[in-house]
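There is one chain below, alone, in C-alpha coordinates, taken in the form predicted on its own.
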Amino acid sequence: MLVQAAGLTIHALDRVDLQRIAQAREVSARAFGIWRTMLLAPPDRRRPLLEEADLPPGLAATLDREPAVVPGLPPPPPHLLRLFRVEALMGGPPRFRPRDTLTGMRGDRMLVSLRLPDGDWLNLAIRLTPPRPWHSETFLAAFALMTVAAMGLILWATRRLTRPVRQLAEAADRLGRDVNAPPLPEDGPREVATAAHAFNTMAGRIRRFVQDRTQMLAAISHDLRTPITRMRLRAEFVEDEELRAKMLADLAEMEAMVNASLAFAREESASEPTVPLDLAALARTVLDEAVDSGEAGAEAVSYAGPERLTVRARPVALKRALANLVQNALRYGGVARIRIEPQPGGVVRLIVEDDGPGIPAEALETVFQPFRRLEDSRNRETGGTGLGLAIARNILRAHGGDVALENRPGGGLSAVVTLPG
(Lines give C-alpha, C1' and ligand atoms only; values in the text may rest on other atoms or scores of the structure.)
Protein backbone atom coordinates (compact mmCIF):
# COMPACT_ATOMS: atom_id res chain seq x y z
CA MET A 1 0.00 0.00 0.00
CA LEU A 2 2.93 2.35 0.66
CA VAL A 3 4.28 1.61 -2.82
CA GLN A 4 0.86 2.31 -4.31
CA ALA A 5 0.60 5.60 -2.38
CA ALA A 6 4.09 6.60 -3.57
CA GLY A 7 3.15 5.75 -7.17
CA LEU A 8 -0.03 7.80 -6.96
CA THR A 9 1.93 10.72 -5.48
CA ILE A 10 4.44 10.59 -8.33
CA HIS A 11 1.56 10.39 -10.80
CA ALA A 12 -0.13 13.42 -9.19
CA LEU A 13 3.06 15.49 -9.23
CA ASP A 14 3.65 14.59 -12.84
CA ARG A 15 0.11 15.60 -13.77
CA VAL A 16 0.58 18.91 -11.92
CA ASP A 17 3.71 19.65 -13.96
CA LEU A 18 1.98 18.70 -17.20
CA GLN A 19 -1.06 20.81 -16.41
CA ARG A 20 1.07 23.84 -15.52
CA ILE A 21 3.12 23.50 -18.70
CA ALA A 22 0.01 23.06 -20.87
CA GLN A 23 -1.70 26.02 -19.18
CA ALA A 24 1.40 28.19 -19.57
CA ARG A 25 1.71 27.30 -23.24
CA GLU A 26 -1.92 28.09 -23.91
CA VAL A 27 -1.79 31.38 -22.00
CA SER A 28 1.48 32.33 -23.71
CA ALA A 29 0.15 31.50 -27.16
CA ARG A 30 -3.04 33.48 -26.56
CA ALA A 31 -1.10 36.40 -25.11
CA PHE A 32 1.25 36.49 -28.09
CA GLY A 33 -1.76 36.22 -30.41
CA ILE A 34 -3.46 39.15 -28.71
CA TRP A 35 -0.26 41.18 -28.91
CA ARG A 36 0.07 40.56 -32.64
CA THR A 37 -3.62 41.33 -33.16
CA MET A 38 -3.31 44.63 -31.28
CA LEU A 39 -0.12 45.42 -33.15
CA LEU A 40 -1.59 44.82 -36.61
CA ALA A 41 -5.10 46.20 -36.00
CA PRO A 42 -6.01 49.84 -36.55
CA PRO A 43 -6.16 51.79 -33.28
CA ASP A 44 -9.95 52.20 -33.45
CA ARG A 45 -10.45 48.42 -33.81
CA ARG A 46 -8.23 47.29 -30.98
CA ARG A 47 -10.71 47.54 -28.11
CA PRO A 48 -13.58 45.75 -29.94
CA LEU A 49 -11.19 42.98 -30.97
CA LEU A 50 -9.88 42.66 -27.40
CA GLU A 51 -13.43 42.41 -26.03
CA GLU A 52 -14.27 39.69 -28.55
CA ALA A 53 -11.11 37.68 -27.85
CA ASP A 54 -11.57 34.18 -26.37
CA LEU A 55 -9.21 34.23 -23.42
CA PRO A 56 -8.30 31.04 -21.54
CA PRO A 57 -8.71 30.73 -17.76
CA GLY A 58 -5.90 32.51 -15.95
CA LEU A 59 -5.44 35.30 -18.57
CA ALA A 60 -6.95 38.78 -18.49
CA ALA A 61 -6.08 41.54 -21.01
CA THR A 62 -6.86 45.26 -21.09
CA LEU A 63 -5.85 48.15 -23.32
CA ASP A 64 -4.92 51.22 -21.31
CA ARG A 65 -3.06 54.49 -21.60
CA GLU A 66 -0.85 53.61 -18.62
CA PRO A 67 1.05 50.39 -17.79
CA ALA A 68 -0.33 48.12 -15.06
CA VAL A 69 3.19 47.58 -13.75
CA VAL A 70 4.11 50.51 -11.57
CA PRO A 71 7.30 51.15 -9.63
CA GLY A 72 7.51 49.24 -6.35
CA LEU A 73 5.94 46.01 -7.55
CA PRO A 74 8.06 42.93 -6.84
CA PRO A 75 9.48 41.24 -9.93
CA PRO A 76 8.07 37.86 -11.01
CA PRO A 77 10.05 34.81 -9.96
CA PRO A 78 12.34 33.45 -12.69
CA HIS A 79 10.37 30.22 -13.11
CA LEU A 80 7.21 32.19 -14.09
CA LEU A 81 9.18 34.21 -16.61
CA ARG A 82 10.58 31.02 -18.11
CA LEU A 83 7.19 29.28 -17.96
CA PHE A 84 5.40 32.01 -19.91
CA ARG A 85 8.39 32.77 -22.15
CA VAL A 86 8.06 36.52 -21.77
CA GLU A 87 11.56 36.94 -23.18
CA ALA A 88 10.35 35.43 -26.49
CA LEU A 89 8.58 38.73 -27.26
CA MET A 90 11.89 40.56 -27.16
CA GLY A 91 13.58 38.03 -29.39
CA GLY A 92 11.02 38.01 -32.21
CA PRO A 93 11.11 39.90 -35.49
CA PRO A 94 11.72 43.66 -35.07
CA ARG A 95 8.27 44.62 -36.27
CA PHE A 96 6.62 42.52 -33.52
CA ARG A 97 8.84 43.62 -30.67
CA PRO A 98 7.20 45.88 -28.08
CA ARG A 99 8.75 49.25 -27.50
CA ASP A 100 8.79 48.60 -23.73
CA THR A 101 8.11 45.52 -21.63
CA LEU A 102 7.38 45.72 -17.89
CA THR A 103 6.75 42.80 -15.52
CA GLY A 104 5.77 42.59 -11.89
CA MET A 105 3.78 40.68 -9.30
CA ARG A 106 0.56 41.78 -7.62
CA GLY A 107 -0.67 39.15 -5.21
CA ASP A 108 -0.81 35.79 -6.99
CA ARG A 109 -0.92 37.37 -10.47
CA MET A 110 1.96 38.18 -12.77
CA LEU A 111 1.51 41.47 -14.64
CA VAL A 112 3.01 42.04 -18.09
CA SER A 113 2.71 45.50 -19.71
CA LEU A 114 3.58 45.75 -23.42
CA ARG A 115 3.81 49.21 -25.08
CA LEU A 116 2.34 49.57 -28.56
CA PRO A 117 3.96 51.87 -31.19
CA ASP A 118 1.27 54.53 -30.74
CA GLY A 119 1.86 54.71 -26.98
CA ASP A 120 -1.02 52.52 -25.66
CA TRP A 121 -0.24 49.72 -23.24
CA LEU A 122 -1.47 46.12 -23.51
CA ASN A 123 -1.73 44.99 -19.89
CA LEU A 124 -1.83 41.22 -19.31
CA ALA A 125 -2.71 39.69 -15.93
CA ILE A 126 -1.63 36.05 -15.76
CA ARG A 127 -2.55 33.71 -12.92
CA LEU A 128 -2.03 29.98 -12.78
CA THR A 129 -5.27 28.27 -11.84
CA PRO A 130 -4.93 25.52 -9.21
CA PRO A 131 -4.00 22.23 -10.87
CA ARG A 132 -6.41 19.30 -10.67
CA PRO A 133 -4.24 16.17 -10.65
CA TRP A 134 -7.19 13.85 -9.96
CA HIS A 135 -9.54 15.40 -12.48
CA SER A 136 -10.01 12.54 -14.92
CA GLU A 137 -13.02 10.56 -16.01
CA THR A 138 -11.20 7.29 -15.54
CA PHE A 139 -9.26 8.17 -12.38
CA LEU A 140 -11.75 6.74 -9.88
CA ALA A 141 -12.14 3.53 -11.87
CA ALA A 142 -8.37 3.20 -12.28
CA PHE A 143 -7.80 3.92 -8.57
CA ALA A 144 -10.42 1.34 -7.54
CA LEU A 145 -8.90 -1.24 -9.90
CA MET A 146 -5.40 -0.57 -8.57
CA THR A 147 -6.62 -0.81 -4.98
CA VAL A 148 -8.42 -4.11 -5.58
CA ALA A 149 -5.41 -5.49 -7.43
CA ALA A 150 -3.05 -4.36 -4.65
CA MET A 151 -5.26 -5.86 -1.92
CA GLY A 152 -5.52 -9.10 -3.88
CA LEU A 153 -1.75 -9.30 -4.25
CA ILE A 154 -1.24 -8.45 -0.59
CA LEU A 155 -3.66 -11.15 0.57
CA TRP A 156 -2.19 -13.71 -1.82
CA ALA A 157 1.37 -12.95 -0.76
CA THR A 158 0.50 -12.90 2.94
CA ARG A 159 -1.32 -16.22 2.76
CA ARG A 160 1.52 -17.75 0.78
CA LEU A 161 4.09 -16.53 3.29
CA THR A 162 2.11 -17.57 6.37
CA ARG A 163 0.89 -20.94 5.07
CA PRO A 164 4.04 -22.82 6.23
CA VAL A 165 3.78 -21.23 9.67
CA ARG A 166 0.09 -22.17 9.87
CA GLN A 167 0.86 -25.74 8.81
CA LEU A 168 3.62 -25.94 11.41
CA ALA A 169 1.23 -24.69 14.12
CA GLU A 170 -1.43 -27.23 13.07
CA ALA A 171 1.15 -30.03 13.12
CA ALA A 172 2.29 -28.96 16.60
CA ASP A 173 -1.34 -28.99 17.77
CA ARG A 174 -1.87 -32.49 16.31
CA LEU A 175 1.31 -33.69 17.98
CA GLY A 176 0.10 -32.31 21.30
CA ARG A 177 -3.13 -34.30 20.95
CA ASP A 178 -1.68 -37.47 19.45
CA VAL A 179 1.98 -38.39 19.66
CA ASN A 180 1.47 -40.71 16.68
CA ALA A 181 0.16 -37.93 14.43
CA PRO A 182 1.34 -38.11 10.78
CA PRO A 183 4.53 -36.20 9.92
CA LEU A 184 4.58 -32.77 8.34
CA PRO A 185 5.24 -32.73 4.55
CA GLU A 186 8.84 -31.71 3.88
CA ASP A 187 8.26 -29.77 0.67
CA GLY A 188 8.16 -26.13 -0.40
CA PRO A 189 10.99 -23.57 -0.17
CA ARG A 190 14.26 -24.64 1.36
CA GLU A 191 13.65 -22.81 4.65
CA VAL A 192 10.19 -24.35 5.02
CA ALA A 193 11.45 -27.84 4.19
CA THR A 194 14.27 -27.45 6.73
CA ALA A 195 11.83 -26.38 9.46
CA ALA A 196 9.46 -29.26 8.60
CA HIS A 197 12.35 -31.75 8.74
CA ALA A 198 13.45 -30.41 12.14
CA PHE A 199 9.88 -30.65 13.42
CA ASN A 200 9.48 -34.24 12.19
CA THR A 201 12.81 -35.15 13.79
CA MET A 202 11.66 -33.69 17.10
CA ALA A 203 8.31 -35.52 16.84
CA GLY A 204 10.12 -38.79 16.17
CA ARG A 205 12.31 -38.32 19.23
CA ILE A 206 9.29 -37.55 21.41
CA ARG A 207 7.50 -40.61 20.01
CA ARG A 208 10.48 -42.86 20.77
CA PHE A 209 10.79 -41.39 24.27
CA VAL A 210 7.13 -42.10 25.04
CA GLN A 211 7.36 -45.62 23.62
CA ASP A 212 10.53 -46.35 25.59
CA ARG A 213 8.94 -45.12 28.81
CA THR A 214 5.80 -47.14 28.21
CA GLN A 215 7.82 -50.27 27.50
CA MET A 216 9.93 -49.65 30.60
CA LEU A 217 6.86 -49.28 32.81
CA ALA A 218 5.29 -52.37 31.26
CA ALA A 219 8.46 -54.36 32.00
CA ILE A 220 8.58 -53.04 35.58
CA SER A 221 4.92 -53.95 36.03
CA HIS A 222 5.50 -57.43 34.70
CA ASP A 223 8.51 -57.93 36.95
CA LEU A 224 6.68 -56.58 40.02
CA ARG A 225 3.54 -58.65 39.57
CA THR A 226 5.41 -61.91 39.95
CA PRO A 227 6.92 -61.17 43.39
CA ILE A 228 3.65 -59.57 44.49
CA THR A 229 1.80 -62.76 43.58
CA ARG A 230 4.38 -64.87 45.45
CA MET A 231 4.13 -62.64 48.50
CA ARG A 232 0.33 -62.85 48.41
CA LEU A 233 0.50 -66.65 48.38
CA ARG A 234 2.96 -66.68 51.26
CA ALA A 235 0.82 -64.23 53.22
CA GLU A 236 -2.05 -66.68 53.06
CA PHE A 237 -0.01 -69.06 55.26
CA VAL A 238 0.53 -66.50 57.99
CA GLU A 239 -1.41 -67.72 61.03
CA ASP A 240 -1.85 -64.31 62.64
CA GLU A 241 -5.08 -63.05 61.01
CA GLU A 242 -4.43 -59.38 61.79
CA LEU A 243 -0.92 -59.51 60.36
CA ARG A 244 -2.16 -61.46 57.32
CA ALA A 245 -4.87 -58.84 56.63
CA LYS A 246 -2.32 -55.98 56.81
CA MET A 247 0.08 -57.77 54.48
CA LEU A 248 -2.65 -58.50 51.95
CA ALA A 249 -3.81 -54.86 52.11
CA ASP A 250 -0.26 -53.61 51.46
CA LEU A 251 0.13 -56.01 48.54
CA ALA A 252 -3.22 -54.90 47.09
CA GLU A 253 -2.13 -51.28 47.35
CA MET A 254 1.16 -52.05 45.60
CA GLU A 255 -0.67 -53.83 42.79
CA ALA A 256 -3.09 -50.90 42.43
CA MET A 257 -0.20 -48.47 42.19
CA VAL A 258 1.47 -50.59 39.51
CA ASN A 259 -1.76 -50.81 37.51
CA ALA A 260 -2.37 -47.07 37.87
CA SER A 261 1.16 -46.30 36.70
CA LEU A 262 0.65 -48.46 33.63
CA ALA A 263 -2.67 -46.78 32.89
CA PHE A 264 -1.08 -43.34 33.25
CA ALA A 265 1.64 -44.26 30.73
CA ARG A 266 -0.80 -45.88 28.29
CA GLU A 267 -2.97 -42.73 28.13
CA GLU A 268 -0.24 -40.80 26.31
CA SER A 269 0.01 -43.39 23.51
CA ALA A 270 -3.62 -44.42 23.25
CA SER A 271 -4.84 -45.06 19.71
CA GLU A 272 -8.59 -44.92 20.35
CA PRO A 273 -10.28 -43.12 17.43
CA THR A 274 -12.10 -39.83 17.89
CA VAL A 275 -15.84 -40.01 17.19
CA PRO A 276 -18.90 -37.82 17.83
CA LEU A 277 -20.45 -38.57 21.22
CA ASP A 278 -23.15 -37.15 23.47
CA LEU A 279 -21.31 -35.47 26.35
CA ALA A 280 -24.52 -35.00 28.37
CA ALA A 281 -25.35 -38.71 28.14
CA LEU A 282 -21.77 -39.64 29.03
CA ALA A 283 -21.86 -37.43 32.15
CA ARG A 284 -25.15 -38.97 33.31
CA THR A 285 -23.73 -42.46 32.68
CA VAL A 286 -20.67 -41.74 34.84
CA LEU A 287 -22.90 -40.54 37.70
CA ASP A 288 -25.21 -43.57 37.38
CA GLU A 289 -22.26 -45.97 37.46
CA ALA A 290 -20.93 -44.26 40.59
CA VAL A 291 -24.29 -44.91 42.27
CA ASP A 292 -24.51 -48.52 41.00
CA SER A 293 -21.02 -49.32 42.26
CA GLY A 294 -21.91 -48.13 45.75
CA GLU A 295 -19.51 -45.19 45.74
CA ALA A 296 -22.40 -42.81 46.50
CA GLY A 297 -26.11 -42.70 47.05
CA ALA A 298 -28.53 -41.38 44.47
CA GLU A 299 -28.98 -38.19 46.49
CA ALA A 300 -25.21 -37.45 46.36
CA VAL A 301 -25.04 -37.02 42.57
CA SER A 302 -26.85 -34.66 40.22
CA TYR A 303 -26.64 -33.36 36.66
CA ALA A 304 -27.58 -29.95 35.23
CA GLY A 305 -27.25 -28.94 31.61
CA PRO A 306 -28.56 -29.66 28.12
CA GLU A 307 -30.24 -32.99 27.38
CA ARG A 308 -27.94 -33.57 24.40
CA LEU A 309 -24.59 -32.05 23.49
CA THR A 310 -22.41 -33.60 20.82
CA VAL A 311 -18.61 -33.29 20.90
CA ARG A 312 -15.82 -35.16 19.14
CA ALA A 313 -13.80 -37.21 21.58
CA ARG A 314 -12.41 -40.65 22.45
CA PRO A 315 -15.33 -42.21 24.35
CA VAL A 316 -13.46 -44.60 26.65
CA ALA A 317 -10.70 -42.13 27.49
CA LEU A 318 -13.09 -39.23 28.14
CA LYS A 319 -15.31 -41.44 30.28
CA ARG A 320 -12.31 -42.41 32.37
CA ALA A 321 -11.32 -38.76 32.86
CA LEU A 322 -14.83 -37.81 34.02
CA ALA A 323 -15.00 -40.87 36.26
CA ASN A 324 -11.74 -39.87 37.94
CA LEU A 325 -13.07 -36.37 38.62
CA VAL A 326 -16.36 -37.73 39.98
CA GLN A 327 -14.55 -40.26 42.20
CA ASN A 328 -12.30 -37.48 43.49
CA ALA A 329 -15.36 -35.34 44.34
CA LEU A 330 -17.13 -38.22 46.08
CA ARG A 331 -14.03 -39.28 47.99
CA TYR A 332 -13.20 -35.85 49.40
CA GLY A 333 -16.47 -33.91 49.17
CA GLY A 334 -19.18 -36.52 49.67
CA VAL A 335 -21.19 -35.33 46.64
CA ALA A 336 -20.60 -34.92 42.90
CA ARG A 337 -22.62 -32.42 40.87
CA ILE A 338 -21.95 -32.13 37.12
CA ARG A 339 -22.97 -29.00 35.24
CA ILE A 340 -22.43 -28.49 31.50
CA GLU A 341 -22.34 -24.96 30.05
CA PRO A 342 -21.88 -24.43 26.28
CA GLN A 343 -19.71 -21.35 25.65
CA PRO A 344 -19.40 -18.97 22.68
CA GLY A 345 -17.01 -20.15 19.99
CA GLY A 346 -17.94 -23.81 20.30
CA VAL A 347 -16.14 -24.36 23.63
CA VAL A 348 -17.87 -26.54 26.25
CA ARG A 349 -17.41 -26.13 30.01
CA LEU A 350 -18.10 -29.12 32.25
CA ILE A 351 -17.94 -28.45 36.00
CA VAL A 352 -17.74 -31.13 38.69
CA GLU A 353 -18.56 -29.69 42.14
CA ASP A 354 -18.32 -31.15 45.64
CA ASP A 355 -19.02 -29.94 49.18
CA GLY A 356 -15.64 -30.83 50.65
CA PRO A 357 -13.19 -28.61 52.52
CA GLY A 358 -11.39 -27.50 49.36
CA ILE A 359 -7.62 -27.28 49.08
CA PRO A 360 -5.09 -24.48 49.67
CA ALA A 361 -4.75 -22.03 46.79
CA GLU A 362 -1.04 -22.80 46.36
CA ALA A 363 -1.86 -26.49 45.81
CA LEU A 364 -4.53 -26.05 43.12
CA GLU A 365 -1.96 -26.80 40.41
CA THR A 366 0.50 -29.10 42.16
CA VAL A 367 -2.16 -31.77 42.85
CA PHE A 368 -2.10 -32.57 39.12
CA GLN A 369 1.45 -33.87 39.41
CA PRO A 370 1.70 -37.70 39.37
CA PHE A 371 1.69 -39.32 42.83
CA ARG A 372 1.16 -35.91 44.44
CA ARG A 373 -1.45 -35.95 47.23
CA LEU A 374 -2.21 -33.48 49.97
CA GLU A 375 -2.47 -36.02 52.79
CA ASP A 376 0.48 -37.90 54.13
CA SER A 377 -1.08 -41.36 54.24
CA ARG A 378 -1.06 -43.73 51.26
CA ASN A 379 -4.24 -45.45 52.32
CA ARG A 380 -6.30 -46.23 49.23
CA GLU A 381 -9.47 -45.66 51.19
CA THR A 382 -8.58 -42.03 51.82
CA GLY A 383 -6.19 -40.95 49.12
CA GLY A 384 -5.87 -43.44 46.28
CA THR A 385 -2.60 -43.58 44.34
CA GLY A 386 -2.33 -39.91 43.44
CA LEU A 387 -2.73 -40.47 39.69
CA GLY A 388 -6.43 -39.79 39.14
CA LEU A 389 -6.13 -36.06 38.46
CA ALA A 390 -2.93 -36.49 36.42
CA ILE A 391 -4.60 -39.08 34.18
CA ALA A 392 -7.69 -36.87 33.79
CA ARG A 393 -5.59 -33.86 32.74
CA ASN A 394 -3.55 -35.94 30.28
CA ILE A 395 -6.73 -37.24 28.64
CA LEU A 396 -8.39 -33.82 28.44
CA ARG A 397 -5.30 -32.11 27.07
CA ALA A 398 -5.02 -34.85 24.45
CA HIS A 399 -8.54 -33.80 23.39
CA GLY A 400 -7.44 -30.17 23.01
CA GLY A 401 -9.00 -29.15 26.33
CA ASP A 402 -7.86 -28.87 29.95
CA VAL A 403 -9.00 -29.10 33.56
CA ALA A 404 -8.37 -26.75 36.48
CA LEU A 405 -9.43 -26.74 40.13
CA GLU A 406 -11.14 -23.81 41.83
CA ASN A 407 -12.24 -23.32 45.43
CA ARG A 408 -15.94 -22.43 45.60
CA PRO A 409 -16.83 -19.26 47.54
CA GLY A 410 -19.42 -21.12 49.61
CA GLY A 411 -17.13 -24.05 50.33
CA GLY A 412 -16.15 -27.07 48.32
CA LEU A 413 -14.11 -27.58 45.18
CA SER A 414 -14.91 -27.23 41.46
CA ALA A 415 -13.10 -29.11 38.70
CA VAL A 416 -13.61 -26.98 35.59
CA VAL A 417 -13.19 -28.91 32.34
CA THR A 418 -12.95 -27.17 28.96
CA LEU A 419 -13.41 -29.10 25.72
CA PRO A 420 -13.55 -28.01 22.08
CA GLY A 421 -16.99 -28.47 20.51
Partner chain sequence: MEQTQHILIVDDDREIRDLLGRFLERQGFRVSLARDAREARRLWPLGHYHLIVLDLMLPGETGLDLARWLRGQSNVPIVMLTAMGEETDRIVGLELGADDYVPKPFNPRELLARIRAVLRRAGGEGGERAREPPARLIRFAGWTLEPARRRLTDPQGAEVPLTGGEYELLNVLVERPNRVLTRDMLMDLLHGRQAGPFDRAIDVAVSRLRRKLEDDGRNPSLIKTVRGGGYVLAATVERVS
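Computed from a predicted structure; not experimentally measured. Numbering follows the first chain given and starts at 1.
This next part talks about the form predicted in complex with the partner chain, which is not shown.
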{"query": "4.5 Å heavy atom contact, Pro315 and the partner chain in the model of the complex", "finding": "yes"}
{"query": "Partner contact for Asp120 in the model of the complex: the partner chain, 4.5 angstroms, heavy atom", "finding": "no"}
{"query": "The partner chain contact in the model of the complex: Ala193, any heavy atom under 4.5 Å", "finding": "no"}
{"query": "Touches the partner chain in the model of the complex: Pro276 (any heavy atom, 4.5 Å)", "finding": "yes"}
{"query": "Heavy atom distance at most 4.5 Å to the partner chain in the model of the complex, all of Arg163, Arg166 and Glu253", "finding": "no"}
{"query": "Contact segment among 279-287, 322-330, 138-146, 97-105, judged by heavy atoms lying within 4.5 Å of the partner chain in the model of the complex", "finding": "279-287"}
{"query": "Single option in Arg205, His197, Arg127, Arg308 placed near the partner chain in the model of the complex, where near means a heavy atom within 4.5 Å", "finding": "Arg308"}
{"query": "Among the candidates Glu170, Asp292, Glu341, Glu186, the residue which, in the model of the complex, approaches the partner chain to within 4.5 Å (heavy atoms)", "finding": "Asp292"}
{"query": "Residues within stretch 328-346 having a non-hydrogen atom within 4.5 Å of the partner chain in the model of the complex", "finding": "none"}
